[in-house]
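As a starting point, one isolated chain is supplied in structure tokens, in the form predicted on its own.
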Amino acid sequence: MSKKPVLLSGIKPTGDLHIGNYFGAMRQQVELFKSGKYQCFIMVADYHALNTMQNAEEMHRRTKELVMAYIAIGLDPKDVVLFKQSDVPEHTELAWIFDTITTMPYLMRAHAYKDAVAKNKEINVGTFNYPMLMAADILIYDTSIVPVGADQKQHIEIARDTAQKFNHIFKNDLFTLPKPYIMPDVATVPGIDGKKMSKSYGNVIPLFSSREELTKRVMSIVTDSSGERPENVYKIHKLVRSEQELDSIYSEHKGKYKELKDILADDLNNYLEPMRGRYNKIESEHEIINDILKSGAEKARAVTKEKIRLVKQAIGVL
């Protein structure tokens, strides 16, 4: 295996992808994966998704869509290990081992758990135990860095604590302590209503929509006639054009909101069309997705089977 530091990224297959996902994080992730600096393991976190998605047909569909999407936006499965969490059973085996050295009060400090309690939600065991499975996901590959948003740093801290605790209890240095990598230049993309673009708000522009659907969504962007320019249109436009270009365009078409939306629709379509074409091509050859995930699982397990063997030796069951 490569001597480069290991990068692990886990992505849940839980939602329809939109341009907010792409410009907000996916584009930066793929650039990081393609940088050549790391040995990359990219995990479809389907067991994590099971806490909220409990429909077999939807799980199959969204897993396939997520893999197709990352390939369409530039991820080459030859350069990374792309696999499903559920295809690598050592993740859950290691999570159980970590459970045995982790206290409930410690897990009760997790942000997601405290948030659920504050909202009076009924909490399943998977949600409570989520940090331990994530720790196993990370530590089983001797991961050096994990790209996360600032709000997810605690998960990496928990993984570090768990590694240190295991190493101390069983008197070894089996686990590497990972570090969080906070993605720079992560954008908050406005939706067609001006709020943050989110499926839950119903304000999205789908990433792989047809030209017709894209134009329809752009024309629905809420405009405010009180300012110098339609800010919601401009903020989305900045994702695909330089501010210098836009200053000229918006000055020339001042007050002509429909024309500005027409230009935005053209520019967005020109930007997204190559990705849409790749996505549609992959979709027509969908059997390659299974081949990619099978190959990825084999590569991942070449690492995890050896790691779990060493763990079993350390704890005295082998």
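Quantities reported herein were computed from a predicted structural model and do not represent experimental measurements. From 1 onward, residues are counted along the sequence shown.
What comes next is about the form predicted in complex with a small molecule, which is not displayed.
Can you check whether residue 304 is within 4.5 Å of the small molecule in the predicted bound form, heavy atom basis?
Looking in the predicted bound form, residue contacts with the small molecule do not include residue 304, since no heavy atom lies within 4.5 Å.
Taking heavy atoms and a 4.5 Å cut-off, does residue 73 contact the small molecule in the predicted bound form?
No - in the predicted bound form, heavy atoms of residue 73 and the small molecule never come within 4.5 Å of each other.
Check whether residue 152 has any heavy atom within 4.5 Å of a heavy atom of the small molecule in the predicted bound form, and answer yes or no.
Yes, contact at 4.5 Å.
So in the predicted bound form, does residue 8 come within 4.5 Å of the small molecule, heavy atom to heavy atom?
Answer yes; at least one heavy atom of residue 8 falls within 4.5 Å of the small molecule in the predicted bound form.
Given that the small molecule is left out here, which of 59, 263, 292, 45 has a heavy atom within 4.5 Å of it in the predicted bound form?
Comparing distances to the small molecule in the predicted bound form, the residue within 4.5 Å is 45.
Between the options 81, 207, 148, 112, which residue brings a heavy atom to within 4.5 Å of the small molecule in the predicted bound form?
Filtering the options by heavy-atom distance leaves 148.
The small molecule is absent from this chain, but in the predicted bound form, do 12, 130 and 134 each have a non-hydrogen atom within 4.5 Å of it?
Yes, because 12, 130 and 134 each have a heavy atom that approaches the small molecule to within 4.5 Å in the predicted bound form.
Using a 4.5 Å heavy atom cut-off, which of 267-275, 60-68, 250-258, 37-45 contacts the small molecule in the predicted bound form?
Single hit among the candidates: 37-45.
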